[in-house]
Every structure is written in structure tokens, then in C-alpha cells.
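Take a look at this single chain in C-alpha cells; it is the form predicted alone.
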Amino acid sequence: MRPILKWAGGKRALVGEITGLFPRDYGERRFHEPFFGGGAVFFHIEPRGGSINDINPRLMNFYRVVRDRPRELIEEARRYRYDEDEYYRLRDRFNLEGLTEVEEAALLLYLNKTAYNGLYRVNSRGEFNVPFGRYRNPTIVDEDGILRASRLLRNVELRSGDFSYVIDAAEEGDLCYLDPPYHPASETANFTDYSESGFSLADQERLRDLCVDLDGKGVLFVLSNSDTEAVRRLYQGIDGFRMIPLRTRRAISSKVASRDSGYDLLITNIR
């Protein structure tokens, strides 16, 4: 199935290349995705068990509500109109404290489908600040997709925290897909505003060490990142790791002209 949210850095365009590296019996393995976002790979393979995680607690609240209270989510989100004044009223409400879990999830869904470019961006105070997006006739509530996602999410553990949890959650023979915020290819290419804190080079180094530990534990993984010299230096020379470069099209920048083709790098211990 397709993701039920749009998400910056989503991997719908690379799902084939990523899953092409998975072992043939991936459907029989537990699956973990520590940087979930829109979950394109997860929804594509529809795993039977495992875990998903994202550092954005509002995003993970959304998926918990999808799992546990999908009908309430659908009913609440259907009350919202696609209108510019309505958008800014609901955006202000989303930034208030004291929302119920269902209302917060419904507002996130609405903003995701109606914000400019479908971005999730917050300011230094943690306030959602993406302007209104102009679409011809956006589908805000995909009832069938939400109900299908609800059934699928019942099979996995949902978490919201640091990616390092997966070293304890994953067992020998499990499969892990890691899609961290990309290391910037240039000073202007960085996009980590989906949470209040960015993802530093030190975090990239911690992630590299995690991959080494996963490999030592017998966990299979595929990791995606930008194909930069810094990323290659982190992983080169590690026994059993291989790197696969891909030419892709970026779709994060708000300026269409700057969405140039770039290079992604897949790193895996799967042979």
C-alpha cells in the first residue's frame, strides 16, 4: 500500500531499489524502521511484525490514533474544510496545548494534505509554520487507506525516541531499514526541520556505529543517505558493508528550480 501521509524525504521513488536489496524471504522476517516519517518502505512491504519509530512525537501520535481509533480520526478530520482562512485557524489550533490525541492527529492529517508542498516544518518554539498550499481538489481523508494502515500497524510496536532503541529491539535475522535525515550535500541543502533539533555529523557517526553493532548481532539492514564524501568516509572499509550509489530527484526544496537531481547512497550488509 501507499503511505497515508506526504513526508519530506519520503522514499516512494526509491522503494524498488531499496526492497530489491532485501532478502527474498523479507516477508517472513520482523522489520524495524527507526526513522519512520511517511513509512513508504514499511507500507510497501506490509511487514508482519517489528517496530517503527520517529523522533517526532506528534507524528507517532498520529500513527497510534490510526492504529487504535481510526474511525474517530476519520470523523474528526472530515469536519475540516479546504479553505485558506480555515487552514490558518486550524494551524493556530494545532499549535495550542491541551488537544486530545484524536484532534491532534486529525489536525496533523489536515495540515499534511493542505500545507504548502505537504511539508512538516516547525520553528525554534516547536510551532508548525508552513503556509497554506493551493491545490485543485486535495483528498484530505482517504478512509480506505487509513483503515488498511490501521490493520497493518496493529502488528508492530510504535515508539517515539532516539533511533538507538533498535539495537535492543532487533533480533538475529530481523531486517532493518534506516532513513535518517540526510547529511547535507551543501550548506543550503540541509532539511532537518521536521523536529526541533537537527541531525548532526556526530549523530551520523552514532548511526554508523549502530549499523556495525546490528551487523555484529546478525541483523540485516539497508541504510539510505546522501552520496557525499563525508558519508562515504563513515562507511568505507567496514568489512561486509557495501555501498550502492543512485541518481535521484530531490523534492524537498520549496523552489521548483532548485529541485535538481542528486545522488543517494544505499549502504547494506546484505549480500
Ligand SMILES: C[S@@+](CC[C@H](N)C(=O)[O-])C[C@H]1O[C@@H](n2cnc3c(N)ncnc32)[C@H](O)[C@@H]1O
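Position 1 is the first residue in the sequence shown; the rest follow in order. Because the structure is predicted, anything quoted here is derived from the model rather than measured.
Separately, the form predicted together with the ligand exists; it is not shown, and the next lines address it.
Scanning V222, I55, L214, L234 against the ligand in the predicted bound form with a 4.5 Å heavy atom cut-off leaves one residue, I55. The contact with the ligand in the predicted bound form, taken as any heavy atom within 4.5 Å, belongs to D179 out of D179, D174, E104, E76.
Remark: of stretches 46 to 54, 225 to 233, 22 to 30, 64 to 72, the one touching the ligand in the predicted bound form is 46 to 54 (heavy atom within 4.5 Å).
Residue contact check for Y80: none of its heavy atoms lie within 4.5 Å of the ligand in the predicted bound form. Proximity of A40 to the ligand in the predicted bound form falls within the 4.5 Å heavy atom cutoff. Mapping the unseen interface onto this chain, A8 counts among the residues with a heavy atom inside 4.5 Å of the ligand in the predicted bound form. By the criterion of a heavy atom within 4.5 Å, D92 is excluded from the residues contacting the ligand in the predicted bound form.
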